[in-house]
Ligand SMILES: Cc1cc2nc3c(=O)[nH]c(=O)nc-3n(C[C@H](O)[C@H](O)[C@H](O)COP(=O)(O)O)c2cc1C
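First, one chain by itself: the form predicted on its own, in structure tokens.
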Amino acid sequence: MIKKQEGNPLDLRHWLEEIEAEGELTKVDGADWNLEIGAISELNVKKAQNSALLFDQITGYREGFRVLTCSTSSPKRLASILRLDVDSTHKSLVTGLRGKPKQWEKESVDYEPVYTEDGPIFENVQSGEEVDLFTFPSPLWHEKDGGRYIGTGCSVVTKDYDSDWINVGTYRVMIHDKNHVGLDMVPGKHGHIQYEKYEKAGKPFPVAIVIGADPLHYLISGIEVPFGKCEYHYIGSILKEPVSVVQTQLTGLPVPSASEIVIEGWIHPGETKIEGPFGEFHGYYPAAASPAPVVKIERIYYRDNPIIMGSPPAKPPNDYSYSKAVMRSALLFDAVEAAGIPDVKGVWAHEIGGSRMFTVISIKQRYAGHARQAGHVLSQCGVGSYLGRYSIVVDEDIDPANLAEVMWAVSTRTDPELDIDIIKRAMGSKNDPMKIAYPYKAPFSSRAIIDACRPYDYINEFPEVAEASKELQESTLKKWAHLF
């Protein structure tokens, strides 16, 4: 039964108004879709104080057909997206997110999406011969990409073959021609599991791809929601109100009623085409172009003056690496505490390692072996095990998110012979850029756990640090704020 609901809680434009008022949005006119948007976005995200970028008057396209990038790459914007009422610092964001995924899961049953009969997404509709993906200024993000990617900060909506389960996942979408896209779904991911069922049954697989919505939509579609659960329920639990969705005209799949652009069609059995290459979160092209399922697009829906949500991978820091760092840091913090590690003061999954390959935990040492225990658990817990590389343990006086402080501790509080443990044949990944050098058939890799804490047996005799105390630094910053 179709229910009515007023308002659109996932309207990207409402969010853009909010961040513009906070000075977190920069409008850019006249950039070219061919490499310039990608290069400008990459350079922007590397700035210490960066803003979201809204591109308009894009070369070859009429005014109003826009691209948004760098939406999640600052503490203030990420807090806004996740509806967290916290200070805009790394530590407060991680603290604010701790325990939230479990809370979202528990409360998600109370937030079934609400179906409406209409929404802004139906302001313009292309069907049949009218369908033309080049209506929109999809960027060629990098010189070596296999094509133009309309789907990077997107959400792919699919339905299970033999149940009512709706999945919303983030998978890259490359344009092949005016009405075909390549959909790269990693085996084992929920969308791919659903696709395989249709393929086995010899039936066309229905797909609706949301190209623009409030960034919360693609942020949640890109995390690990339990099998069989729908991401719309999770989003509703974050918003504290149900997500307003409409059924698409062709497949009947639910999409946010205030979506910017939705492309809809079918993957017909056995239809694949060469897709890629495209970069990964760690900053490399790990594989050559290869066959991927092809979606024949039969309908396109879009709002007046539509906005593509762009979030391409690249050498970190990249468009979305900050959001992944914050969210994974909170999950790691919860995991190590659940494993019984006491006095954890902070955890940070560094962007430079794609928020996986370089993690740091800060503790107040309580007993002999505490630091080694913390490092091994950080490295091997469920959240930290996939494609790890370095896990570093530091004392409570070190900010785990401050790379300069962390490496100072590594440089001055370790003896390489004593303080580096190696785990061999740990959980790796086929996407590991180092796989070319490994002697393994299976995707193994090794781990280094670095104990960069003061030696516990000499902790009271270790030299004092030559710097102003934290209290003095804070009072000085407060009094002399205009200098800093």
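Note that the coordinates shown come from a computational prediction; the quantities given were computed from them, not determined experimentally. Numbering starts at 1 and follows the sequence shown.
If you look for the form predicted together with the ligand, you will not find it shown, but the lines that follow are about it.
Residue contact with the ligand in the model of the complex: residue 343 places no heavy atom within 4.5 Å of it.
Within this chain, residue 311 lines the site of the ligand in the model of the complex, having a heavy atom no more than 4.5 Å away. Although the partner is absent here, residue 231 is a contact residue: one of its heavy atoms lies within 4.5 angstroms of the ligand in the model of the complex. Within this chain, residue 138 is remote from the site of the ligand in the model of the complex, having no heavy atom within 4.5 Å. Residue 224 is the only one of 85, 162, 224, 304 with a heavy atom lying within 4.5 Å of the ligand in the model of the complex. Here is the short version: of 168, 209, 361, 331, the single residue with a heavy atom within 4.5 Å of the ligand in the model of the complex is 168. Only one of 284-292, 124-132, 408-416, 180-188 places residue heavy atoms within 4.5 angstroms of the ligand in the model of the complex, namely 180-188. Looking at 307-329, the residues that come within 4.5 Å of the ligand in the model of the complex, counting any heavy atom, are 311, 320, 324.
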